[in-house]
Structures are given as structure tokens and as C-alpha cells.
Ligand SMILES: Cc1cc2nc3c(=O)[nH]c(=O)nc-3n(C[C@H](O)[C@H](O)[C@H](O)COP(=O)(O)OP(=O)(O)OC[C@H]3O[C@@H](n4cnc5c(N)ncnc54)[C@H](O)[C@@H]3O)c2cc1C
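One chain comes next, on its own, written as C-alpha cells: the form predicted on its own.
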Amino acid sequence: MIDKELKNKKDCMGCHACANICPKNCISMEVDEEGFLYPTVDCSLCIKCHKCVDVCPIINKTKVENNPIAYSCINNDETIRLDSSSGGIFTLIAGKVIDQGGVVFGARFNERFELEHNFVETKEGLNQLRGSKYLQSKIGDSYKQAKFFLDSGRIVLFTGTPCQIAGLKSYLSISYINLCTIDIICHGVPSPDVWCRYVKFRETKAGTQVQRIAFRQKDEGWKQYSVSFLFKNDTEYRQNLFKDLYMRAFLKDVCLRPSCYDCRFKSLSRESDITLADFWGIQNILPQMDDDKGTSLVFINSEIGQTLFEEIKDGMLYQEVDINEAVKYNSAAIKSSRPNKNREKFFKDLSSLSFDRLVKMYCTDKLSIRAKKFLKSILKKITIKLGLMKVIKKL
């Protein structure tokens, strides 16, 4: 069984490679008590071929050595850029692939607002894949589907987290000249169960079901982006990333997948052809490319990535940058998130506390609260003292 081959359950990042490769379909991805998917083997069907072990990118970690080139990029189409998480470069790349008769895989919400991988074959369909979505997507049988299109001779663009790209590459086992992969600079993936509970919390507050969710509304700017829920009664919830309850939990690293705290794919040498990210720190490196509407940081990691980049250059403003300087402001490229000391308590109380109470209890800096109380007491004393001085002067 595959779980005996891994050192610990927490090493599994849920890439689905084992489930996709199994010739007897005896491996299913089952939800654990925290809401994450892990492989479960039906031993009565297993033929002990060990393909699941051979395909695991953690057990068989391959060493990647490349010298990526970094660029700061902005899509010339202002509408697409504002509708994208950062600079709108994914749409440029994906559009080029579709123009060539290709297929684009990425993460999109289903009708229940669960995140799952799927593919589109039209530019209109790219809207479903565009934009950041802060939770772990379900790969399902996407690797099998991608292989079918590749073997049929079609160009495939597969986007995902670094571990999902590693899972795909391991599953395919051979190189395809008609495959291009894009990964992201990933902070970590929160629990789908936490996300579902948050959606229900918002629906209860609104008194109706949600009809659209956007994580990266730029109405208040790119750096202060907002989370938006549009409900079926045409009301909207909108709050910036520092005040939204779900984003506070995400940024506090209290609900990430265990493997994210020791990610094996944090590196500048990546398995993908192209890496996309927000260019945080652009105001310090290239202030002329910072208008607070979104700028992309792009790593070109391979010849395939470079070829595709050359094909889209006319559609964007770009400039090469020092990758080491860029990473100073994007440390998630090379560093894993640190475990939150309240993580266990957070999940323990997830089903018993309301979401707002849960976040307030486990995602608030207690030292900060004490500091605020201390500051308030000092200000109060100063106010009282000033008041007494005014009285004395009147006398």
C-alpha cells in the first residue's frame, strides 16, 4: 500500500498521481478529518503492481536543475488585466494555446463552489480558470485526460500548483513536445472543508445562496484586493484580504495542508515550463511598472516556456529582472509556510464554532491585542491629564 511507502501521512500532497495510474482503479482519494484528500487502497482489488509507488513524486523525487529567467509583465489588454489576479499573463498564454487548437487545464469552481481541475477548449471558457482561488483543487482524472489529448497530438497547457505539476510529469513519465506546464508561486493550500464551511457561513449571513465568488477584486487596488461574494438576491459581500475571515485564516497558516509546511517543491529550479506569480515588491524594483492594477512575475524555466513566451511578447509590456531580487519579495517561491501553533485547536473546533468566532479565537495575534489595550490605557491617562491641565489653566 502506498501509505506504507511514505514516511508520514503528512508527506502526501494529494496530487492524485497514484489514483490516476492504478490499472485496477483500486485507489480512491478520500477526505480525512481535516477535509484533505488522501489515497485509500482497496486491497481486494490490488494486484501489487507497485505503479502507485513508482509514480509518487515524493517517494521518487527527481532533481531539477535549470536557470530560470525572470520577467516583470503586464497584459496590454486593460480589461483582462483588471479581471486577473495580477498582470493577466495566464490569459495571453492560454489564448495562444487555444488559437493553435490546444486544450487548457486549470482549477475552476463547480456549481457547489468546490474547486476542481478541468479543461476548456475556447477562449470564452478561460474566464472559469482565470484568477486565484485559495484552496486545494481536486485533480480527479485530469492527468488521464491530459494524456489522451497529448497522445492525440493536441497541444496541452496544464496549470496548477508545483506539486500538481510534479504529479502530472511523474504520471506521464515521458516528455511531450506538445505539453506546456505552468505552476504558481504557492503560499500553501487551505482545507476544502474549511472553505465549504466559510461559504455556508456567508450564505447564512446573506440569507440566500451564492452565485459568484471572486478572490481578487481590484476595486481598491491590486495590493489591497478584496474577496467578493455575489448572492442570488443580488446583494454582495466584499472585504479586503486583511479583514476577510477566510483570508485571515489563510494568511495565518492555520488551515494549510500538512505537506505545505515542508513543501518539497520550493525552489527556483522548477519542473514547470513557466511560473506565474504576483510581482510583490515591484514598486521597489521597477516602480515604472507599478500602477496598482496588477503586475505579473514570470519565470521562464525551459525551452518550451521560452518559445511560448516569445509568441506572446507583442501582447504585453515586459522587462527582464534579477530573479534573486524579485524573490526577496516573493519568498514563498523558496520557503515553506510555518505551522501555526493554533492549527490543531482550529481544526478541532471547526465544526463546533461559528466561522467568525473560530477566526477571532485562533487567528488573532494575542500579543497585538495586549499591545492595543496597553496603548489605549496610556492614551486614556494622557487624555485625563490633558483634561486636568485645561481645568487648572481655567482656574
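The first residue of the shown sequence is 1; numbering continues from there. Just so we're clear, the structure is a prediction, and the values are computed from it rather than from any experiment.
Keep in mind that the form predicted in complex with this ligand is missing from the display, and what follows is about it.
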{"property": "Partner proximity in the model of the complex: Asp244 to this ligand, non-hydrogen atom cutoff 4.5 Å", "result": "no"}
{"property": "Heavy atom of Phe299 within 4.5 Å of this ligand in the model of the complex", "result": "no"}
{"property": "Partner contact for Asn66 in the model of the complex: this ligand, 4.5 angstroms, heavy atom", "result": "no"}
{"property": "is_contact(Gly95, this ligand) in the model of the complex, heavy atom dist at most 4.5 Å", "result": "no"}
{"property": "Lys252, Lys169, Arg202, Arg130 - the one with a heavy atom within 4.5 Å of this ligand in the model of the complex", "result": "Arg130"}
{"property": "Position in contact with this ligand when the complex is considered in the model of the complex, options Leu179, Met289, Met316, Ala107, heavy atoms within 4.5 Å", "result": "Ala107"}
{"property": "Interface stretch in the model of the complex with this ligand - options 146-154, 194-202, 130-138, 233-241, non-hydrogen atom within 4.5 Å", "result": "130-138"}
{"property": "Non-hydrogen atom within 4.5 Å of this ligand in the model of the complex for each of Cys186, Val189 and Leu276", "result": "yes"}
{"property": "Partner contacts for 315-331, taking this ligand in the model of the complex and a 4.5 Å heavy atom cut-off", "result": "Asn330"}
